[in-house]
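Heads up, the chain below is alone and in the form predicted on its own; it's given as structure tokens.
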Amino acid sequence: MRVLTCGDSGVLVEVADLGEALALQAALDEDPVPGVAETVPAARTVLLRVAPDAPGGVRAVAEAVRRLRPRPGALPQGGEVEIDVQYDGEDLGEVAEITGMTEREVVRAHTAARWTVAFGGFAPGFGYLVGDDRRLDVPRRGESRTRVPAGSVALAGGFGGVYPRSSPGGWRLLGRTDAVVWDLDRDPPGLLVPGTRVRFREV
């Protein structure tokens, strides 16, 4: 773990991989560091925004983080959401071929898997989900689509996701949902915030 101060308002923690980033998030959930106003995880970093009135400022936060001992394999704790999916995606057959499963087996695997939002990115409301079924680890498409409809449920590069709005994209589409994953009138606007546990349900 490499802990860096970022001016007078942030601490950036660099780790080796996504597993360590998730374990660090879990450690911060279990043992919150005083003075941290916001935690922003990514694939191999966790940024801690430090409150202006934090005792000892960024240096105290950095020292507290260095004392943490994340447990390997631990996952951050968040709320739980269930997302209804109609599994009729354009790439369902291709995913079945890549994984060596039938389309029905892909759907069963996707709905049985336990998913956790690791971090957000790409677009407001887009959560990168990690699951516990490695059979669903499929590569991105060779060529991106110019338009992926909002609500598309997809896989790519070891992650799952739900497109919050229509946009270009190269993920493999399994199906679609009516769930609104980004709504500025909601607090918080994002449904899939880091740490959230997600279950997909076939409808």
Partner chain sequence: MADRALEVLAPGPLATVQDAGRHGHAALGVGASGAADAASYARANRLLANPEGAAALEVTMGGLALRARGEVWVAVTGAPCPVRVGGRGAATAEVLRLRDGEELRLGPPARGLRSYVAVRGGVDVPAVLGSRSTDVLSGLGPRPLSAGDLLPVGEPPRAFPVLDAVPEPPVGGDRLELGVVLGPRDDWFAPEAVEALLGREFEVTGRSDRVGMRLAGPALPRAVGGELPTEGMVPGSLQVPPDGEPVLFLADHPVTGGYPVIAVVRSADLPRAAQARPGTRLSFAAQPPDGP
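Between two forms, the rigid core is defined as the largest C-alpha subset superposing within 1.5 Å. In this text the structure is predicted, and so the values were computed from the model without any measurement. Numbering follows the first chain given and starts at 1.
The same protein also has a form predicted in complex with its partner chain, omitted here; what follows describes it.
With a 4.5 Å cutoff on heavy atoms, Gly78 does not count as touching its partner chain in the model of the complex; it lies far away. In the model of the complex, Asp53 stays away from its partner chain, with no heavy atom inside 4.5 Å.
The closest heavy atom approach of Gly125 to its partner chain in the model of the complex falls within 4.5 Å.
Put simply, Arg49 is close to its partner chain in the model of the complex: some heavy atom of it is within 4.5 Å. This chain appears without its partner; in the model of the complex, the one residue of Arg59, Arg147, Arg134, Arg67 with a heavy atom within 4.5 Å of its partner chain is Arg59. With the partner omitted from this view, the residue of Val40, Ala156, Val36, Ala26 that lies near its partner chain in the model of the complex is Val40 [heavy atom within 4.5 Å].
In the model of the complex, Trp182, Leu184 are the residues of 167 to 186 with at least one heavy atom within 4.5 Å of its partner chain, listed from first to last. Superposed on the core, the two forms differ at Gly10: its CA moves 2 Å or more between the shown form and the other one.
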